[in-house]
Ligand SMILES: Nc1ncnc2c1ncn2[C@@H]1O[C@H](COP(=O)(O)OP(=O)(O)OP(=O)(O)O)[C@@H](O)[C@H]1O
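This document opens with one chain alone, in structure tokens, the form predicted on its own.
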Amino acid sequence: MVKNLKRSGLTKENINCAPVMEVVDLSTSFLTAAGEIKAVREVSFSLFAGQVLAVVGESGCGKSVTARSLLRLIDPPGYIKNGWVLLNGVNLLNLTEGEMRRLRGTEISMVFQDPMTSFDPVYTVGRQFTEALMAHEKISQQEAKQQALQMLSKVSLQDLERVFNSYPFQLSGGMRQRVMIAIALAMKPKVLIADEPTTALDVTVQSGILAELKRLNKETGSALLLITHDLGVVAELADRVAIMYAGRIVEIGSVYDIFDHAQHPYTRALLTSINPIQEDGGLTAIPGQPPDMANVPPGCPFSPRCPEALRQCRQKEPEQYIIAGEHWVSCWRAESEERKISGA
């Protein structure tokens, strides 16, 4: 039990507040001609009502695959290899596809990176919105339209009838993303996943979308899982942060823990890259390349790029050590600190 508490992020401080979703040892792979691509490897975390957990890392680290795994949206040659995804105590990985389909949108929803690819271009957004509502509720089309208009107003859209009757291509990127957020929140899901929700938008639009997500998250009490590579977005929106590298979470903690007391060398390297221009005009970059996920090296996968690597870092993947409270890290250099805290 103690090990599970450590891995999931539950601590003495929040154990009385049960998580809405608990992910334990989730692993997802893809079978390719090059071999097994281990995209997600033993990922564990907890989501609490009203909180925002941001998952951060370089492109290809497994963030989006993790998000899609939670909704069981992994298509062949990908498959969920093992683990548990517990939503209010129910393991989603044990449900039938029909049971899972009924939960998507009602209990757990997702806002995808590119809203244009999420809409059918030949139907108005209003028709697609009402069909989504009527698929989960026994309501008339007129009632569904009223609910849709009410949700569109909550994401600060104007001229609601025009938006409702528009085709996706007739709306701007920011408007389409707001409609997607409205659809995702319409059934008041307990968990909302937002996968790079502002990447395809202009900078001037991004702050408005983020503000809406934050406001609606607090208003509805849903747990928000935010997938991003933008640490500026994390600082503005998140309560807790999980740092992901080579398919694993290497550090997790509050925004304060991560930004002011980062323990993993990769986390510190990411923070340094926020302001990449050095005094001499050069660029700050993390040396080397992420590992080949079909052939992950032994030991810590960051060790070939890590300036602080020890001999054991290249021999065995590190365990996860609690630094303080809900802050833990997967790094051999944290072993002595964890022993000091635990009194071992």
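Start at 1 and count along the sequence shown; that's the residue number. Computed from a predicted structure; not experimentally measured.
Below, we refer to the form predicted together with the ligand, which is not included among the displayed structures.
*Asks:* Please state whether all three residues 21, 48 and 257 have a non-hydrogen atom within 4.5 angstroms of the ligand in the model of the complex.
*Replies:* Not one of the three qualifies.
*Asks:* Report the residue, out of 65, 53, 26, 306, that has at least one non-hydrogen atom within 4.5 angstroms of the ligand in the model of the complex.
*Replies:* Only one listed residue qualifies here, and that residue is 65.
*Asks:* Hey, in the model of the complex, does residue 297 get a heavy atom within 4.5 angstroms of the ligand?
*Replies:* No - in the model of the complex, heavy atoms of residue 297 and the ligand never come within 4.5 Å of each other.
*Asks:* Verify the contact flag for residue 59: yes if a non-hydrogen atom of it lies within 4.5 Å of a non-hydrogen atom of the ligand in the model of the complex, no if not.
*Replies:* Yes, residue 59 sits close enough to the ligand in the model of the complex that at least one of its heavy atoms falls within 4.5 Å.
*Asks:* If we define contact as a non-hydrogen atom of the residue within 4.5 angstroms of the partner, is residue 39 a contact of the ligand in the model of the complex?
*Replies:* Output for residue 39 is yes: heavy atoms within 4.5 Å of the ligand.
*Asks:* Does any part of residue 293 reach within 4.5 Å of the ligand in the model of the complex? Heavy atoms only, please.
*Replies:* Residue 293: yes, in contact with the ligand in the model of the complex.
*Asks:* So which bits of 225 to 247 sit within 4.5 Å of the ligand in the model of the complex, heavy atoms only?
*Replies:* Read in sequence order, the lone residue that approaches the ligand (within 4.5 Å, in the model of the complex) is 229.
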